[in-house]
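Next up: just one chain, as C-alpha cells, the form predicted on its own.
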C-alpha cells in the first residue's frame, strides 16, 4: 500500500476526530462552558491521542557527595535509585568520605572523563568546583548542585540547586529556639566543618537571628569536626565546662545528634536547657520523642536525590530545552507533636529498603 492510499484510508478517521472535537468545543461555547469545562468529558475521547509516557533512557549520572557514608544521605540514595528506575537510568555515588574537597573535584573530573550524562554535586566550597563544572559544561554535561550551593553571584556554571535555602533555614530555625532560651542566656552553636557551604550558611543564619532578636543572648561557636564520635566528645566537653549554657544547637545531622546525646546523658531538658538543630537521624528523632531535643529541621533528603535525576534526565531528553530549575526542598519542623509520622519504617526517610506500594 502506497502512502497516498494509506493517507486516504486514514483521512475519514482523522477528519471525524477533528470534527468531533470542533463540535464539542462549539457545544461548550453555546452552553458557556469554555474549554476548561470539557477537561473531564474529553479525557476519554482524547486518550487515544495521549502519549504513551516518557521513554526510559540508559543515561548514567554521577552524584558527588562530601560525606559519602553519612547516614543523612541514605534517603537521598533511595531517591536516586527510585528516579533511575522510573526513567531507565543508572548512577554512581562518589566523592569524599570526610569532606575533602580535592577528592570531590577529582570525582567530578572522573565523571567528565567517563562521559557522564549528568553530574550532581554538593558544592561545599565557594570556588573549588568552578573549573571542573565549567569543563563539564563545555563538554555538554549538565551539572546540578544538591544539598549545598555556591553563593549568589558566583560564576559557577551549575544549572540549578536542589536543597534548602541554607542561610534562611538557619535564621528561621533560630527564630524558633530563641524564645525557648531565657532572656540574656548563653548558647552553644556547633558546626562540623567551618566554612563548608552545607552548614556555614545555617550558622550565619543562627548568628544573624541572635543579633536581630536575641535581646542580650550570647553564644560560642564550637568546631565539632565531621566525625560523629568526635562531635559527641566536643559537645560534651563544652557542656561540662559551661554548665550554665541555655541551649545546644547543631547545624548538621550528626552534631544535632551529638547535642541530643549530651542533653539525654545529663538530663538537660529537665533543667531548662534547649537542644535543637537539623536533619532526621533516627537517634535525634528518638531524643525528640523522649523530650531531650525540642525540634529538628527536615530538609527532605529523598528529594535531594530524586529531583536532580529528574532534572538531568529531562535536560538530556529534551536536548536542553527543559532546563533544570532551583528547587527548595522545604523547611518542615519535627517536634514531639508530629515525630511519630517520621519514625516508622519508611524508604522516604531512609529507614527501610522496601519500595513504596
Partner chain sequence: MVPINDSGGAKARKVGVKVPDTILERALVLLSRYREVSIAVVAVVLVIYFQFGSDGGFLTAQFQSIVLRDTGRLGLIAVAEVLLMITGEIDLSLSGTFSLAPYIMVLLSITWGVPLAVGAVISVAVGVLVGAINGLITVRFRVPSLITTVGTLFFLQGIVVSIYNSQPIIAPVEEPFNAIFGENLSDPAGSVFSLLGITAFTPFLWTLLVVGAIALVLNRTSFGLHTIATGSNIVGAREIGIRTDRIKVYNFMIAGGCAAFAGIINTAQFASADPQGGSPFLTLQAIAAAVIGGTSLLGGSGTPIGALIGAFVVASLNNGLVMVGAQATVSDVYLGAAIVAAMILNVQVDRLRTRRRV
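Note that this is a predicted model, so its numbers are computed, not measured. Positions refer to the first chain, counted from 1. For the two forms, the rigid core is made up of the largest set of C-alpha atoms that agree within 1.5 Å on superposition.
Another form, the form predicted together with the partner chain, is not on view; read the next lines as being about it.
Engineer: Counting only non-hydrogen atoms, which stretch in 298-306, 53-61, 314-322, 66-74 is within 4.5 Å of the partner chain in the model of the complex?
Structural biologist: After filtering at 4.5 Å, what remains is 66-74.
Engineer: Find the only residue in 167, 238, 91, 177 having a heavy atom within 4.5 Å of the partner chain in the model of the complex.
Structural biologist: So the residue touching the partner chain in the model of the complex, by this definition, is 238.
Engineer: The partner chain isn't shown here, but in the model of the complex which of 97, 208, 109, 154 has a heavy atom within 4.5 Å of it?
Structural biologist: After the contact test, the surviving option is 97.
Engineer: Is residue 272 a contact residue for the partner chain in the model of the complex, using a 4.5 Å heavy atom cut-off?
Structural biologist: Residue 272 lies outside the contact set for the partner chain.
Engineer: Determine whether any heavy atom of residue 226 comes within 4.5 Å of a heavy atom of the partner chain in the model of the complex, and answer yes or no.
Structural biologist: Judged by the heavy-atom cut-off of 4.5 Å, residue 226 is in contact with the partner chain in the model of the complex.
Engineer: Would residue 232 sit within 4.5 Å of the partner chain in the model of the complex, counting heavy atoms only?
Structural biologist: Because a heavy atom of residue 232 falls inside 4.5 Å of the partner chain in the model of the complex, the answer is yes.
Engineer: Taking the partner chain as it sits in the model of the complex, is residue 278 in contact with it (heavy atom to heavy atom, 4.5 Å or less)?
Structural biologist: No, residue 278 sits far enough from the partner chain in the model of the complex that none of its heavy atoms falls within 4.5 Å.
Engineer: In sequence order, which positions of 267-291 have a non-hydrogen atom within 4.5 Å of the partner chain in the model of the complex?
Structural biologist: Read in sequence order, the residues that approach the partner chain (within 4.5 Å, in the model of the complex) are 281, 282, 283.
Engineer: Rigid core superposed, CA of residue 186 - does it shift 2 Å or more between this form and the one not shown?
Structural biologist: Passes the 2 Å threshold, so yes.
Engineer: Superposing on the rigid core, is the CA of residue 173 displaced by 2 Å or more between this form and the one not shown?
Structural biologist: No, because once the rigid core is superposed, the C-alpha of residue 173 moves less than 2 Å between this form and the one not shown.
Engineer: Superposing on the rigid core, is the CA of residue 149 displaced by 2 Å or more between this form and the one not shown?
Structural biologist: Result for residue 149: no, shift under 2 Å.
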